[in-house]
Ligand SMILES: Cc1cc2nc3c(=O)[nH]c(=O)nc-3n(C[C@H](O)[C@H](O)[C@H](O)COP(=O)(O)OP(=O)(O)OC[C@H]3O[C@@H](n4cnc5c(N)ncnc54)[C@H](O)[C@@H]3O)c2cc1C
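The form predicted on its own is given below as one chain in structure tokens.
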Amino acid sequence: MPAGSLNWLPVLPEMPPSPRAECLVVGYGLAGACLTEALLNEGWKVTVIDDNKAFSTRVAAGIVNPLVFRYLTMSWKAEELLPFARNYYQSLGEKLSVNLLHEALVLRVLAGNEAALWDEKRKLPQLSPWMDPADCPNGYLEGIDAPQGFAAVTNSFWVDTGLFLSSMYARHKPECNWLAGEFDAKNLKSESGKLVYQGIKSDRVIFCEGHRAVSNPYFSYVPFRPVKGELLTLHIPGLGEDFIYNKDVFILPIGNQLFKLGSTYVWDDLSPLPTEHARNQLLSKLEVFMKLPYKVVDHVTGVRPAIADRRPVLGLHPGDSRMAIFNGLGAKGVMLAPFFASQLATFLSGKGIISPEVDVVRFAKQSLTPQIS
């Protein structure tokens, strides 16, 4: 590739002849776990390095909702991604003998002129399958102040992300090599065409580091924009557990009269510490429409690995095809991860392509050669 070349795409690499090509996956949150599963299914030999700090995945609400409430439009590629994700978590739960996926109607508490807007949007062919009024309760619901009524989002669900991660770890631990600790780029070496880290040789190193990718020297050109979110767990006796309630915040039933309340979006404070400001913000929005007494029983934080253009990022490093990335899943990660993990694993196995709208090369404006000792 000529130095300074601006218009180019990476050549599909030739894989080693062994069906057990070796791969190092850096990071084991939602992205890393889904990618490890996909790589194993493609016959790769996988080593995982992780420091057991996938806080974002563990605390995430895991709601899969096809609509964007702010504009009342479809989420990007939801028609394709949501069914794929539903089948993925259902099938995986059956294999692992755990209940990962929970069907739940998202119930929008309407305000102002929202009812008229929902009636208008339901007439659109692309939206009508997701906005069936027959599924929406009429009238009073205990504890919910909704003078304008409700609207329902059908075909929505949520995934127990903490259970997902622990179950996947139990599944993958006997099949993979594991390195405990944080990845240190200074220890990545190049020997005889392979990348070597702590004595482990790999044909590929794939970075699935979540928000910590902002410090990755090999993909510093990617415009990561991580965003902190905070969640409360509430005990609310008397509130129905059949719906995910939504009005500026969401209330997600998790059983035994416990509910997750979220979430916040903060870009200038990525510390892991919960804040009183976020707690007060969430509770003040809750009290606009929820009139039952409650008790706060937990307060957690996570940092979403978002990208400036709000699309995932995956593919080969433009200057060294031995390195790849899978990141930028953001707030919609539970819906995005299964599909794009499969796409990346298929591509790395020489059997497919990466969608241009998510390919990491969209951010590479010049020839980039990473410095590896």
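Note that the structure is predicted; figures quoted are calculated from it, not measured. Numbering starts at 1 and runs along the sequence shown.
Quick note: we don't show the form predicted together with this ligand, though the next part is all about it.
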| query | finding |
| --- | --- |
| Candidate from Ala324, Ala341, Leu348, Leu329 lying within 4.5 Å of this ligand in the predicted bound form - any heavy atom | Leu329 |
| Position in contact with this ligand when the complex is considered in the predicted bound form, options Ser167, Asn155, Ser263, Asn246, heavy atoms within 4.5 Å | Ser263 |
| Contact flag, Glu114 vs this ligand in the predicted bound form, heavy atom cut 4.5 Å | no |
| Interface membership of Tyr28, this ligand in the predicted bound form, 4.5 Å heavy atom rule | yes |
| Asp309: touches this ligand in the predicted bound form, heavy atom cutoff 4.5 angstroms | no |
| This ligand contact at Pro318 in the predicted bound form, heavy atom, 4.5 Å | no |
| Partner-facing stretch of 120-128, 186-194, 203-211, 68-76, counted where any non-hydrogen atom is within 4.5 angstroms of this ligand in the predicted bound form | 203-211 |
| Contacts with this ligand in the predicted bound form, stretch 295-313 (heavy atom within 4.5 Å) | Gly302, Val303, Arg304, Pro305 |
